[in-house]
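Just one chain follows, in the form predicted on its own, and it is written as structure tokens.
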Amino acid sequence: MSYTKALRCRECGREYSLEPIHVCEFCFGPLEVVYDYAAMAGGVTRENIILGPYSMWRYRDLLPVGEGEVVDINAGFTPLIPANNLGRTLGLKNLYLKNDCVNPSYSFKDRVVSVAATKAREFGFKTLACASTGNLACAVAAHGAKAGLETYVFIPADLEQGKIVGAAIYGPTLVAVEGSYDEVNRLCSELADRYPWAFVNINIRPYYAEGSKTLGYEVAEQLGWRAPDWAIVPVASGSMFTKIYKGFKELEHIGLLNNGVDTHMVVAQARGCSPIVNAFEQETLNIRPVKPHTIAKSLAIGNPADGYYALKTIRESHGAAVAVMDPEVVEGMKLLAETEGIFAETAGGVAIAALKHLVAADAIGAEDVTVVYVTGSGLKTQEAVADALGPRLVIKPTVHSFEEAVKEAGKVVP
């Protein structure tokens, strides 16, 4: 059943009915879904969750949807992998990777869009749309196809080719805008006022954002119903970061965790677009927008909508914020692939590089349960690492040619 009560302004606390709106009419603060936690505590059990589908929809009762059919392409309940090889390299005994590369459109965005598309149909919209740095475009196009909705996705024109193809294959109207993501987002805000469309990250945003809570629920369940000591999250708008923490806190609030939530939440950004880290380093809650210049294009949001709330989450959780240089991003991608066999996009490289910084600073203890969120597949951002990879051995089809090539490469045949 649905335990949703209302939308509430995160600033002034005014409440609104559950409609496709996202901004408070009084103070222009963002709206967020609120729930009847007392009823939820009595109705949601571990046993019911465990009996649910092996997808994010095992947590349906914790999400803001009605009783109808959901738009589901089987996103979520992705692996939580013990990173033993990477852990040994870094001196960590309890390191885990939450591998959202394996979602249907190859990123965590399938989670938020599954909720958003479901709400769009509930509200009677016929068109699904978004402004995207890439992964969201793929997820919206995929879910729009599944839901039978007309779909428009707006992207920066200089997006990685893998993400363009990854969205176009589903048959949306793909609109490449000559400008940054922040300019794309401003355009879509104007279009949302003009057209009766469900823009997942504008007028449907309060519901859309709740899908990221499942990244908290799943990690807690997969750890045996406990929250980790550290959660390292690659951050763009800041929404996913805050919702992961909200997911942990909700499970604690309704009595499903074995421990309290004492998780240190860590923002990881590329230094070429690190407005949240900049504010953290300056010990302020005021975000100063920046012009992105980084290979981590999925994180290239210079004016993060939830930056202020991400900073508050860092403070509440006694967490941290780390920015890394682009060469470190590439090295992080390579290290993750070479140790754990996971080819992550640039955001994953950002998270791994941030983890290395925290280990070098002795912030993370060797026994601490640490989870790194790997949010998208490297197949979408091959350009970022192509020039940093070793050369191929090109040989003739003979044993002699092979052995000579190996010798010239300075390798030893086992």
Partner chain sequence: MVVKVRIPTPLRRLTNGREILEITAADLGQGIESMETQFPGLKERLCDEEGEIRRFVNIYVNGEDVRFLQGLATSLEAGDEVSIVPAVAGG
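Please read all numbers here as calculations on a predicted model, not as lab measurements. Residue numbers count along the first chain shown, from 1.
Keep in mind that the form predicted in complex with its partner chain is missing from the display, and what follows is about it.
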Using a 4.5 Å heavy atom cut-off, indicate which stretch of 223-231, 247-255, 286-294, 269-277 touches its partner chain in the predicted bound form.
-> 286-294
Any of the heavy atoms of D100 lying within 4.5 Å of its partner chain in the predicted bound form?
-> no
Does its partner chain come within 4.5 Å of any heavy atom of I202 in the predicted bound form?
-> yes
So in the predicted bound form, does any heavy atom of E218 sit within 4.5 Å of its partner chain?
-> no
Please check if D306 has a heavy atom lying within 4.5 Å of any heavy atom of its partner chain in the predicted bound form.
-> yes
Quick one: of I301, A167, L92, A147, which gets a non-hydrogen atom within 4.5 angstroms of its partner chain in the predicted bound form?
-> I301
Just one of R186, R88, H318, K126 has a heavy atom within 4.5 angstroms of its partner chain in the predicted bound form, so which one?
-> R186
All of E67, T118 and T242 within 4.5 Å of its partner chain in the predicted bound form, heavy atom check | no
Listed by sequence position, which residues of 10-33 have a non-hydrogen atom within 4.5 angstroms of its partner chain in the predicted bound form?
-> E11, H22, V23, E25, F26, C27, F28, G29, P30
